[in-house]
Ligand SMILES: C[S@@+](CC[C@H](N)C(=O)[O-])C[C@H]1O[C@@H](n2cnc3c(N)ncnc32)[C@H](O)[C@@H]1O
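One chain comes next, on its own, written out as structure tokens in the form predicted on its own.
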């Protein structure tokens, strides 16, 4: 493996990328006749590809020895570059210097394409990009938010929605929400509270996810404490409702679990354009894509 390799993911990673790639293909096909400019924005683009290590195994009764091998598969950035009809502009963002270097190499290898590589915090980069676009007339975009943990600010989503031109695939970290929202409210330090509020966009989650519960100590003394009653399903529904209050339309998410079946992410699709025709088209495409994912 080389320093530019980006090793991550699981079976659900392949599924996630397959679904988003399928949407991008149908997006450009459907909208190319209608719009002059089609954009793809990847706020956490990584290196453009992912490195997968396939374990080897010793020789046994079932067969000979198999050596470990390394596969390099397309990440979201390369998938977007390969889409036909092509996007007119591709914007790749990442905060990690190693990833930015790899993305710049990817841009150089496609010098004929309009590709921007933007380093730094995704929230700030998205805000700058959107502020530079004076008018979205004639332009439609797809943004892929596959963040490192809980790093997408709610205010960033508000800015995206206000464009009325961007469809968003957002991989929400259910595991992150579950870990930060500790079972006992006494363990909710200021940093955890701030992270949850920044991502969810309201401090109301504290009232909605916690209730006073009685507890008895080893000496038989009883008191009350705030305890979390919300489980993963509740958090997913809660965040989905928040998105639905903001965006013109939001589809039910696809749940992505780890190899042990433990919930990790929810892949949401949100539509910024409030026009019925735009909602109808995007919904038909995305619903078909998500249905295929649920059947996988």
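Positions refer to the first chain, counted from 1. Since the structure is predicted, the reported quantities are computational estimates derived from the model, not experimental observations.
Omitted here: the form predicted together with this ligand. The next part is about that form.
- Although the partner is absent here, residue 120 is a contact residue: one of its heavy atoms lies within 4.5 angstroms of this ligand in the predicted bound form.
- This ligand in the predicted bound form comes within 4.5 Å of a heavy atom belonging to residue 76.
- Taking the partner from elsewhere, residue 209 is found to have every heavy atom lying beyond 4.5 Å of this ligand in the predicted bound form.
- With a 4.5 Å cutoff on heavy atoms, residue 95 counts as touching this ligand in the predicted bound form.
- Only one of 36-44, 23-31, 253-261, 226-234 places residue heavy atoms within 4.5 angstroms of this ligand in the predicted bound form, namely 36-44.
- Distance criterion of 4.5 Å from any heavy atom to this ligand in the predicted bound form singles out 151 from the list 139, 151, 163, 180.
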